[in-house]
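Taking the form predicted alone, here's one chain by itself in structure tokens.
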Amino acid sequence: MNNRTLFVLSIAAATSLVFGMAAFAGGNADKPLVWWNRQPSNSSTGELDMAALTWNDKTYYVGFDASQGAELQGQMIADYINENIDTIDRNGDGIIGYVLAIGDIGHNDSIARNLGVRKALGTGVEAGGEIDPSPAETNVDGSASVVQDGEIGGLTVRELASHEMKNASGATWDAATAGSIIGTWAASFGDQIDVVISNNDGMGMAMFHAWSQAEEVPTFGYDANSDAVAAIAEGYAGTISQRADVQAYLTLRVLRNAIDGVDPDTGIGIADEAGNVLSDTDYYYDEASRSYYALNLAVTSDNYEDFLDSTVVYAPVANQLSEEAAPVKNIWLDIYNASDNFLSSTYQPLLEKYDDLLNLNVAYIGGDGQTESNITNRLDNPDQYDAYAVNMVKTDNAASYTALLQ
């Protein structure tokens, strides 16, 4: 073989490699992608990032109906106040004072929960046609501009204080910060605090253990984490199940269907070969935003025993798929904050059960809750995966992930 032949073969091999790599990269951009739990959106306005939600024809979002769940939380609290109107005003000043732990002022779920609480309790102030979700900070005298006094059962309802629970490193939804701040609020307001409200159970339980349990002050959270549900027997007043069992299934099922190229509704709205199927009381699909939303349920002293183990798979979708019909595939999935109580203690254990049932080999990546790069730096070889499931640190940052799939 002469040098000219070797040169031609080398050029051909190099050309083949380049085109092969290009095809592979293009293949990554075409692979199934699910945004989950944190919907791509503008953190200031809440406007959905449609470029991210329509990244390709196999891109979807999986979460829960934030507005419906927020309204349930607000109504649950209002109902509790009404039912205990004769005893809830601890110091008899005629004011039902509550404090509110806010998870992340730029997160749509946190915003919705603030709106739900303030709407139900009559403490919301309209700004631009919608209730203002901003933190009131300290409002013991009722003078804050972002909230107003409400009224239930002839008593005034006042948001004494609300604050974003962000730690010194920048992580939001921070339970330790909530546990510390409730001490500050208690020292400042004392028996003026009649109700403690939190955007999630992680922060709610921190405040419950740090102060409100001993003071017998009703505390409300969100997520129906197992520890919070169990604490209802010990005085925790209530929480909201965002149906993690349905969400976790949908997160992986949507990818399974997209990988297999089957009807996207397989095993969701229509039964699959194993009999898995959900009902319209479990979820709904919004075609315009390519989003699946689980429907929430209130958890109180009346029904908490049904929710004690939040990591049990949902029976209607707990049937094993055959490997012949659904061969094993590789999934890259991140959790924005490995320390988040709901995601690490409830959602991930459910995912790990469903991945077996759906024959998916999932690489779980835990972030620090602060920086996107802590996660994206570990998506350095996307071509080894068949699909991706992304849980962003900030909802604005979808492009940080899709850029790696170009």
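Note that the coordinates shown come from a computational prediction; the quantities given were computed from them, not determined experimentally. Quick note: we count residues from 1 along the sequence shown, nothing fancier.
Another form exists, predicted in complex with a small molecule; not displayed. Remarks below refer to it.
Among Leu343, Leu350, Ile375, Leu53, the residue placing a heavy atom within 4.5 Å of the small molecule in the model of the complex is Leu343. Exactly one listed residue, out of Asn200, Thr251, Ser162, Thr219, brings a non-hydrogen atom to within 4.5 Å of the small molecule in the model of the complex: Asn200. The three marked residues, Gln73, Phe208 and Tyr236, fail to reach the small molecule in the model of the complex, with no heavy atom of any inside 4.5 Å. With the small molecule omitted here, the record of contacts in the model of the complex names 104-112 of 324-332, 279-287, 261-269, 104-112, defined by a heavy atom within 4.5 Å. Contact check for Phe64: a non-hydrogen atom falls within 4.5 Å of the small molecule in the model of the complex. At least one heavy atom of Arg38 is located within 4.5 Å of the small molecule in the model of the complex. Though the partner is left out of this view, Thr123 does not reach within 4.5 Å of the small molecule in the model of the complex, counting heavy atoms only. Although the partner is absent here, Tyr98 sits far enough away that none of its heavy atoms falls within 4.5 Å of the small molecule in the model of the complex.
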